[in-house]
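A lone chain, given as C-alpha cells: the form predicted on its own.
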Amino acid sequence: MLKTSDYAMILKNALNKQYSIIFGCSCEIKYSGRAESYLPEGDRIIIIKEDGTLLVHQPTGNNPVNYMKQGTEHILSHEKDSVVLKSRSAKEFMEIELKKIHFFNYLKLSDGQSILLKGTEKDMADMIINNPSLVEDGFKPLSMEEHTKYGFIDVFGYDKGKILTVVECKRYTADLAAVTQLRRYVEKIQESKGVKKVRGILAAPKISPNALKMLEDWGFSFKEIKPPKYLEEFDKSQQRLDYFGQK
C-alpha cells in the first residue's frame, strides 16, 4: 500500500500535466480569501480540475465545504511528517495538510459540449406563441420578450376583447415574487402605452395559495400551463416540494 509521500509524487506529476484529479484523504484545511476559515482534521474528497479549480467535499452534502476558482496555482511541499498542498490565486489562499490518502485517481478528460436546457420559460413562451389558445380562446400574441425597464415580458398581446395582455411564464410553482413581477410589467405597459386597462396573466404549472390570493386581489388571472417536455416523474415530485414553506 502506497504511503502519503508516494501519492504526493503522483499528485505532483498529475498537477504538472494538468490532469483532472480526485482523491479521498484525511486532512485539515486553512483558507484565506472570501473569509478566514479553518477546518480541523477529517475525511474529505478533493477534486482538482484541469483549469485549476479545486473543490473540497465532506462525506455528505452536494455543495463543497470550500473551493478555489479556476486559474488557481497548486504547489506541493513536505513539512515535517505531512504533505501540504498549497493553492493560491490573486486574492485567495488555501492550505491542505494531507495526513493520509485513502484513494487517488487522475485522468486527462475531454468534454466540449454545452448543456441543452429544455422546458425553460422561453420554451413556454414559444409554445404559447405557436398555440395562443393555451392562454385562452381569442388571445393574439404581438411579441415575445417585450422590453421594459424592469425586464422582458415573456408574451405580450391582445385578448379577444382587444385588451392589451401581459403573460408572465414560470416553469415552476408561481410564488409571491412572480405576482409582484407581473404587476410591475402591467403597470409599465399602462404607462408606456398610455392605457388604463391592461390584463395580467400568470402562466405556470402551479401557483401557491398565497400567490393566487394576491393575484386575484390585484385583478390578474392564473393559467395552468406546463413547460414543454415537463417530465411526469418530476411533476409528481414537485407536487411534494413546490409548496414547502409557501403556505
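Not measured: the values here are computed from a predicted model. All residue numbers refer to positions in the sequence shown, first residue = 1.
Missing here is the form predicted in complex with the DNA; even so, the following discussion is about that form.
Checking D159, E92, D126, E95 for any heavy atom within 4.5 Å of the DNA in the model of the complex turns up a single hit: E92. Distance criterion of 4.5 Å from any heavy atom to the DNA in the model of the complex singles out T120 from the list T120, S143, S77, N131. Note on the interface: of 40-48, 194-202, 177-185, 214-222, the segment with non-hydrogen atoms within 4.5 angstroms of the DNA in the model of the complex is 177-185. Among heavy atoms of R88, none comes within 4.5 Å of the DNA in the model of the complex. Among heavy atoms of F103, none comes within 4.5 Å of the DNA in the model of the complex. At least one heavy atom of G61 is located within 4.5 Å of the DNA in the model of the complex. For T173, a non-hydrogen atom is located within 4.5 Å of the DNA in the model of the complex, even though that partner is not displayed.
Along 58-72, residues G61, N62, N63, V65, N66, Y67, K69 each place a heavy atom within 4.5 Å of the DNA in the model of the complex.
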